[in-house]
Each structure stands twice: as structure tokens, then as C-alpha cells.
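Presented as C-alpha cells, the chain that follows is alone, the form predicted alone.
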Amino acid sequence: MSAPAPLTETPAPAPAVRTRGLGKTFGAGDRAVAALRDIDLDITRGEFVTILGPSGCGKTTLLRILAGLADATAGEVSLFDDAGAGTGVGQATADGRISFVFQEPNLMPWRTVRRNVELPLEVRKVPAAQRRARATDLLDMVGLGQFHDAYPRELSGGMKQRVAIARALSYRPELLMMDEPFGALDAQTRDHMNAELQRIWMESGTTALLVTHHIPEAVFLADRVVVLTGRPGGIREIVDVDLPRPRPLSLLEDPDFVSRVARVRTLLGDR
């Protein structure tokens, strides 16, 4: 009788994002300004990660590098590294595997809500019927099913950002990046949008990376909060947020939630 085959461990899935020694310096010589240094970060597929740090620490610069909108000056970035060879950030962006939501929704005022959502699909020459069906499904998912034919001027700020998120999800990106999309909203609307974003992310199954300066928002949404140091930005600590989902807004008053917010605030030096 032959001996049983040795047990082998199943390799962990490759991360959606991996950085090693990532750095960014603007300018050269006496005018060089270091914005980021030695960023080592792995983001698991399907994870929601938020990035916090002092003003000017390089949060947006980091996000732009990961999205292929800026180049690093040191270190390495790989995305969706299934085979171990890495995928170029610019190529991943071009292939539609990455989508970006900016601080402003940047909707085209002459296009209806549905046609704004359809725009990335139109650029990719997706047939009209498929574009319309996809936009309809996404607008229903973000709670704007009754506003297909409205124009951006008819929407509130929160509704415009929902359209921007729906547009970003239109071609089913594997990685959704957001740069303070709710920064201009009032506190009550922002809380509501955080709950909506959590629901949308859970339904979409995408990996999410959010830059924010709002500590409760970062903790409420995240599986992990990446806290950066002051400039040049480096990782001070990564805080796990192992609270069950879906998270209701009542969680904002829960002692476990409050303790995590306090921990992040302490790391930022904002006591």
C-alpha cells in the first residue's frame, strides 16, 4: 500500500494591490520635496481599505500612483499579480480593471443621469442596448432608479456622487479607488452616503480603496485603516476593523466602534 501523498497548503490568493518601498519625490536637487517614502502595502481582493493621514502627507498622491495617474520615483507597484509577473498600473487602468471616483462628481451637464453612467461603456463601444441595461441596473443599485432621465442640475450633491459611483462601476472594475468623494457633503448626508457606499460595495464585490480625512468614515467603511505619518508619508500603523457587516449607522455610537475611532485619532495625534 503506497504512502499517502503529503499535504500541501493552498497558496493564498495574490493581492489586488501590492507595493514595496514605494516613494514619490517632486522636483530635484535643492528643490526636491519627498511626498511618500517606503510604502509597503498589500490589499486583498474584495477588501475595503481606507487611507488616513495628516494634511499634505501624500494620501492623494498615493492613490493617484496606484491608479496609474502619477508615477512613483522609488519602489514597485503591482496589481492583480495572478501569475507572479505583475500587471502594469497603466495597463490595468486602460483595461478597465481600475476605476476612480474624484472629489467632484464631474458629470456632463448636457447628458442625462443614465447617459452619464453609460459614458464609459459608450467609449468602449458597448452596444446601446447593453449600455442601457447596465446603467439601469446600476442606477437601481445606487437608489436612483427614478432619476434615469434627470439632468445633473436637478440632483443634490449626494445624488450626483451616487451617479459618479455608478458610472465608475459601469464596466465592472476589479478595483474602485475614491478620493474623498463625500468631502463636500453635510454630516448627515455623509453618514447616509457611507451606509449606501457600504451596501453598493458589498453588492458589487469589487475591491475598494478610499482616501479620506474623516476618521469615523474611515473606520465605518474599512476592513483596515491605513494611517500615514506626516510628510513624507509613510505607514504609521494599519488598524484592523473586525466589526460585522453590514454595519448600520447606529454602530457610530457602539463602544467597539468608538474605541477604534479613538485609536486612529491617537495615531494621528488628534486627541
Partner chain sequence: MSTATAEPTRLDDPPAPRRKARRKGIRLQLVTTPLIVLAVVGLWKLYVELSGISPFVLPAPEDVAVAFVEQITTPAVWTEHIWTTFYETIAGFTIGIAVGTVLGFLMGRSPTLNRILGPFVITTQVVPKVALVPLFILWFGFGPSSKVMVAAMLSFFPILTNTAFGVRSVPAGMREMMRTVGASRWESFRKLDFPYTLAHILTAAEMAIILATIGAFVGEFLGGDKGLGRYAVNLQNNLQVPQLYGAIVIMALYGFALYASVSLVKRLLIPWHDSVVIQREAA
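Numbering follows the first chain given and starts at 1. Treat the numbers as computed from the prediction; the structure is a model and nothing was measured. Just so we're on the same page, rigid core means the largest C-alpha set that superposes within 1.5 Å between forms.
There is another form of the same protein, the form predicted together with the partner chain; it is not shown, and what comes next is about it.
This chain lacks the partner; the member of Asn106, Thr73, Thr136, Gln130 within 4.5 angstroms of the partner chain in the model of the complex by a non-hydrogen atom is Asn106.
Contact with the partner chain in the model of the complex holds for none of Pro15, Arg18 and Trp201, as no heavy atom of theirs lies within 4.5 Å. The closest non-hydrogen atom of Met141 lies beyond 4.5 Å of the partner chain in the model of the complex. The partner chain in the model of the complex is approached by Leu69, whose closest heavy atom lies within 4.5 angstroms of it. Residue contact with the partner chain in the model of the complex: Leu176 places no heavy atom within 4.5 Å of it. The partner chain in the model of the complex comes within 4.5 Å of no heavy atom belonging to Ala166.
Shown here without the partner chain, the chain has Arg162, Arg167, Tyr171, Asp186, Ala187, Gln188, Thr189 in 161-199 lying with a heavy atom within 4.5 Å of that partner in the model of the complex. After superposing the rigid core, the C-alpha of Asn106 moves by 2 Å or more between this form and the one not shown. Residue displacement note: Glu154 has its CA displaced by at least 2 Å between this form and the one not shown (rigid core superposed). Superposed on the core, the two forms differ at Val126: its CA moves 2 Å or more between this form and the one not shown. Here's the thing about Met141 and Gly183: their CA atoms end up at least 3 Å closer in the model of the complex than they are in this form. Compared with the form shown here, the Cα atoms of Met159 and Trp201 move at least 3 Å farther apart in the model of the complex.
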